[in-house]
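One chain comes next, on its own, written as structure tokens: the form predicted on its own.
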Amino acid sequence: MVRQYGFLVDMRGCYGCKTCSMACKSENATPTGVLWRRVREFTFDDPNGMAFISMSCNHCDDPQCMKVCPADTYSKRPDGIVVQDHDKCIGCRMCIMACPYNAPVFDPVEGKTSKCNLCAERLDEGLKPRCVESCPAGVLQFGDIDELRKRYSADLSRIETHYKLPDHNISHPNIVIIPAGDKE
């Protein structure tokens, strides 16, 4: 049994096509303007360059969304996936303010938030998350986070500084990032 699922994002191969984001939207039939997976673009001047990172919920060890939700909407499955009971959501947006990665998304039409559930239903059927399955460059991977971290370890502080990402010590995200400039 997997203790904790997580994502691996290999920025070296990402060219910003956003297929992952559209596949997620299609799979989960999210409303207009609600994207659970987003692709951020980074540009650099010295030397000139561009990089992309695909991010969604990182199913953190210490999920801030779960800590602050007054409606007890969030829970963590035995495999580490943070899920939301959407019917319980009261639309207060506390989860959005608390999540360092801005993973939950508010739908102003419905008046509720929602977020990535790592395609838990697909995983339960033995399938991959739709974003992972759809990535034409193989940039996204998922699996047991301990196994992903064994395959690649990086200086998280350096990555966070370079890409202006939040401090991983806030929520202990289950994500491995291979930066764009790293060699094989």
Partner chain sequence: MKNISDIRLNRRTLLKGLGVIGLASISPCAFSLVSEDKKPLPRVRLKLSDYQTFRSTCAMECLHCNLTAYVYQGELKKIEASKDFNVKCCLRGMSRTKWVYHKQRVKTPLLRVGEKGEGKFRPISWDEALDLIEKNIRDTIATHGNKGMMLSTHAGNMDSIKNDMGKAFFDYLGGSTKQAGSLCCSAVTAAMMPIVGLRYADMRDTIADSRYILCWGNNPAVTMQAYFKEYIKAQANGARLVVIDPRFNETAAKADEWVSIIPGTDTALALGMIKIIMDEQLYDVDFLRQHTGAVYLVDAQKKQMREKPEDAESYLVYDTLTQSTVRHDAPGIVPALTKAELPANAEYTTVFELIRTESQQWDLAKVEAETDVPAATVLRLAREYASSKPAMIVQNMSGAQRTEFGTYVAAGQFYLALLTGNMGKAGGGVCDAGGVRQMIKINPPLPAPKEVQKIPPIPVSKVGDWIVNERPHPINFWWIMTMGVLTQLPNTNMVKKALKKVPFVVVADNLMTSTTLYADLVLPVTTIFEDVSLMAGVRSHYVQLMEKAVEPVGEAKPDYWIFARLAERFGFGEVFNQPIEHYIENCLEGTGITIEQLRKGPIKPVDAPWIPFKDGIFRTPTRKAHFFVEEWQKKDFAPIVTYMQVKESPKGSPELAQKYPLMAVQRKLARSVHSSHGMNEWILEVQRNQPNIMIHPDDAASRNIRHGEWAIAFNNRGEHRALAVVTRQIKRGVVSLDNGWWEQQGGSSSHVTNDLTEVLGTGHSCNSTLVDVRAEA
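The structure displayed is predicted, hence computed values, not measured ones. Numbering follows the first chain given and starts at 1.
Same protein, other form: the form predicted together with its partner chain, not shown, and the subject of what follows.
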Exercise. Decide whether Glu27 counts as a contact residue for its partner chain in the predicted complex under a heavy atom distance cut-off of 4.5 Å.
Key: yes
Quiz item: If you check in the predicted complex, is Asp72 within 4.5 Å of its partner chain, heavy atoms only?
Solution: no
Quiz item: How about Ala154: is it within 4.5 Å of its partner chain in the predicted complex, going by heavy atoms?
Solution: no
Quiz item: in the predicted complex, does Val68 have a heavy atom within 4.5 Å of its partner chain?
Solution: no
Quiz prompt | Stretch 14 to 45: residues contacting its partner chain in the predicted complex, 4.5 Å heavy atom cut-off | solution = Cys14, Tyr15, Gly16, Cys17, Lys18, Thr19, Ser21, Met22, Ala23, Lys25, Ser26, Glu27, Asn28, Ala29, Pro31, Thr32, Gly33, Val34, Leu35, Trp36, Thr43, Phe44, Asp45
